[in-house]
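Below, in structure tokens: the form predicted alone, a single chain.
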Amino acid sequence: MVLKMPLPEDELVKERKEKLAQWIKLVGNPYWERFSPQDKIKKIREKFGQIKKGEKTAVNVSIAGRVIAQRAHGKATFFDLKDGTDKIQLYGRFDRLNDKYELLSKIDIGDIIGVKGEVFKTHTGELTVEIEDFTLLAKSLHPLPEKWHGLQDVEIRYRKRWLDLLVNPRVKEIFLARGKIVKTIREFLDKRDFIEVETPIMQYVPGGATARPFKTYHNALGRDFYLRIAPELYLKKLVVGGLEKIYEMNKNFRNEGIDRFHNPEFTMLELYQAYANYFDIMQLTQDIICEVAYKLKGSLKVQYADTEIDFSPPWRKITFKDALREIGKIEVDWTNEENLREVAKSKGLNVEGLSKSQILDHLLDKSVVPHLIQPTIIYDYPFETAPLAKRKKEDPLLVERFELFVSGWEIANAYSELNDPLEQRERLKRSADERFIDEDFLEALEYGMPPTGGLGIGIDRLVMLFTNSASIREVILFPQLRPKKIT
């Protein structure tokens, strides 16, 4: 037996283009064809999966999809066809298709075809559609990645996500799960009378978070704009306007580093509820994520890496100060900045050029967060860490803020929102570049914003958690990548 060496891709492309030219000559341009499939493969499997071996159904179906395998046996040809729901075997034979049988040789793996035929089960038990008529709808001019090894190169997978989806079934499962997570959150909030809103992505003052923005220029208006780093200030303006329960599933943009938890463009759920405080929002956060777990997994226990995460309420709650002391083994008087810097240095932090709030954040991230595997809420933060949060009445050196951590990373951030316009102005002046103080927002607060609780949940990280994905790039269809090297 002589083994045929596989052709290089450029030769395969040439060969497939020749087949396309032949098809156009014999049949017509496949890209002009119209074909409306009446059936889905999953439904066919559900309806006829229990018929006996060798049994014919006398039922004709109309399906369309991509050829993912082919086998020729004398005057019979077998294909595996995959649509968006499942795959099924196709069987074409010469004595049934007659002159059209030769056209089957023009079909390659990767081609998209429409098929009509009768459902039956082979003697080996394979549910099959016998081809009575077929048409080519789109020619795959490039071969799909080899079946057994698939598409393994991570860089290629992210750059060519369409191929990744075609040949790696788990990738499709991740994005179907992502869609279900977003849908579940929307349905949950809609049932509780939250209204979904949209706020500007291009903003003349970037605000609502501390981050480096992307800058652009609007020719008609003759001024600089920034891609939003957060929608917070616009959403609060809407609360002032009387929209008491609102949310936005928003895209944010931050001109900063890329790693397994950060992408310059990412998705957040941000919501605001008038007459609520951070304890109300704690409960809401727990309810939302438990609802996602039930709808996606049917359980409050989720496997991530080699650990079972248990979302069963109530979740662990601990103050910022106690978390540093009990988990991080750090005793610090953060009201004394000199003491804070010395303690941070002793923990191996380079504090040069860092503000007090940045040092506190780094201490938490380094000494506490990696130990927070099961759902844990840290609350009552030093007021320096959150210039938009309300001070705690019982201790004005703290703010009514909490963060949710799972599996050693942050999932959510929430406040009782600061609604005192005079204090808000002073705190923004102390913490922000004055060029980036939104005077419209401050004016809106001066008209009166009711006591309000706000919440942000990182959707990408939530999807990572519920799909057991190690990197944020696994759960974003088209993540940002470094420019491709040209050799």
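Residue numbers run from 1 along the displayed sequence. This structure is a prediction, so every number in the text was calculated from the model and none was measured.
Note that the form predicted in complex with the RNA isn't included here; everything after this is about it.
Student: Counting any non-hydrogen atom inside 4.5 Å, which residue from Asp153, Asp193, Glu198, Glu338 sits next to the RNA in the predicted complex?
Tutor: Partner contact (heavy atom, 4.5 Å) among the options: Asp153.
Student: Only one of Phe134, Tyr379, Phe78, Tyr226 has a non-hydrogen atom within 4.5 angstroms of the RNA in the predicted complex; which is it?
Tutor: In short, Phe78.
Student: Mark Phe253 yes when one of its heavy atoms lies within 4.5 Å of a heavy atom of the RNA in the predicted complex, and no otherwise.
Tutor: Phe253 lies outside the contact set for the RNA.
Student: So, in the predicted complex, is Pro313 in contact with the RNA at a 4.5 angstroms heavy atom limit?
Tutor: Output for Pro313 is no: heavy atoms all beyond 4.5 Å of the RNA.
Student: How about Phe94: is it within 4.5 Å of the RNA in the predicted complex, going by heavy atoms?
Tutor: Residue-level check for Phe94: yes, a contact with the RNA.
Student: Although the partner isn't part of this model, could you tell me whether Asn263 comes within 4.5 Å of the RNA in the predicted complex, counting any heavy atom of the residue?
Tutor: Because no heavy atom of Asn263 falls inside 4.5 Å of the RNA in the predicted complex, the answer is no.
Student: Which of these stretches, 302-310, 253-261, 392-400, 279-287, has heavy atoms within 4.5 Å of the RNA in the predicted complex?
Tutor: Heavy atoms within 4.5 Å of the RNA in the predicted complex occur in 253-261.
Student: At 4.5 angstroms, heavy atoms only, are Gln70, Thr122 and Leu481 all close to the RNA in the predicted complex?
Tutor: Yes: Gln70, Thr122 and Leu481 each sit within 4.5 Å of the RNA in the predicted complex.
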